[in-house]
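Next up: just one chain, as structure tokens, the form predicted alone.
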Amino acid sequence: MPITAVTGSASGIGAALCAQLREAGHSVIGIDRANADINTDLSSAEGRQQAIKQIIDRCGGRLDNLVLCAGLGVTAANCGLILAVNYFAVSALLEGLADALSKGNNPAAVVVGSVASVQPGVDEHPIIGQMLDGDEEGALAASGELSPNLAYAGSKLAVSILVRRKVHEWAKFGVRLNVVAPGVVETPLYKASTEDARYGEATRNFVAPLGRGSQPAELANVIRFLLSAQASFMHGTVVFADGGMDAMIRPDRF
């Protein structure tokens, strides 16, 4: 029975994925702020270490799969929280659970990124470098000057770069590591953004070429594929499951 840890397990993509994995016979360890197997706040260093310790305890030091779904959007209380959860929590859990994954059976990890990461100009902002340098204190101090949209897009770009930079290190561990980049997903997080006074209209008008948003179960299907033996040679890639949004934004770059 594969042992799989999933952050953001209480709603959205994480909840859909947990349901599918349990039905497929996985032993699932869900992590979220509430209503999960491990209840903790991933925005804090203490909460991340608590999650890592409890996951290792529950899996006996051998973890087969890790999926990092937990994230905050533009409606978060402040931009610092977006960076803390979307980037620094991901970085900490990847580092803290790498050894347990290296002992797993055909181990694989997936990070949930976003098509927002390819927005023009995001890659030029200095906050990206601060995140990748692990400078959480500096990044959070600078976050007050960011727009929520930039904080979200920047955090998702940074985690995608982080994953791609780990291809040699994680290959030595025998662990595959990939990113899935959704577009619009019909989750509570997305619904909140459509109702936001600042970004609601733009969010509602940003429609994929397929003409609809995705359902959480559709993203869960992609993640399950990336974890599976069918994706055995996929490593360090960003899979856009976005209804064509990436192609719409930058048709000549891929």
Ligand SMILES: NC(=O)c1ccc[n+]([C@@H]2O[C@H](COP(=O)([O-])OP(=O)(O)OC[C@H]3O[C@@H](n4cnc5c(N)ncnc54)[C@H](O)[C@@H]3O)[C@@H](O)[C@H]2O)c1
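Quantities reported herein were computed from a predicted structural model and do not represent experimental measurements. When you see a residue number, it is the position in the sequence shown, counting from 1.
Keep in mind that the form predicted in complex with this ligand is missing from the display, and what follows is about it.
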Among the candidate residues Ala153, Leu177, Leu97, Val112, which is the single one with a non-hydrogen atom no more than 4.5 Å from this ligand in the model of the complex? Val112
Within 4.5 Å of this ligand in the model of the complex, counting heavy atoms only, one of 164-172, 126-134, 99-107, 112-120 shows up; tell me which. 112-120
Taking any heavy atom pair closer than or equal to 4.5 Å as contact, tell me whether Ser43 reaches this ligand in the model of the complex. yes
Contact flag, Asn65 vs this ligand in the model of the complex, heavy atom cut 4.5 Å: no
Taking any heavy atom pair closer than or equal to 4.5 Å as contact, tell me whether Ala208 reaches this ligand in the model of the complex. no
Do Arg58 and this ligand come within 4.5 Å of each other in the model of the complex, heavy atoms counted? no
Under the 4.5 Å heavy atom criterion, name the residues of 21-36 that approach this ligand in the model of the complex, in sequence order. Asp32, Arg33
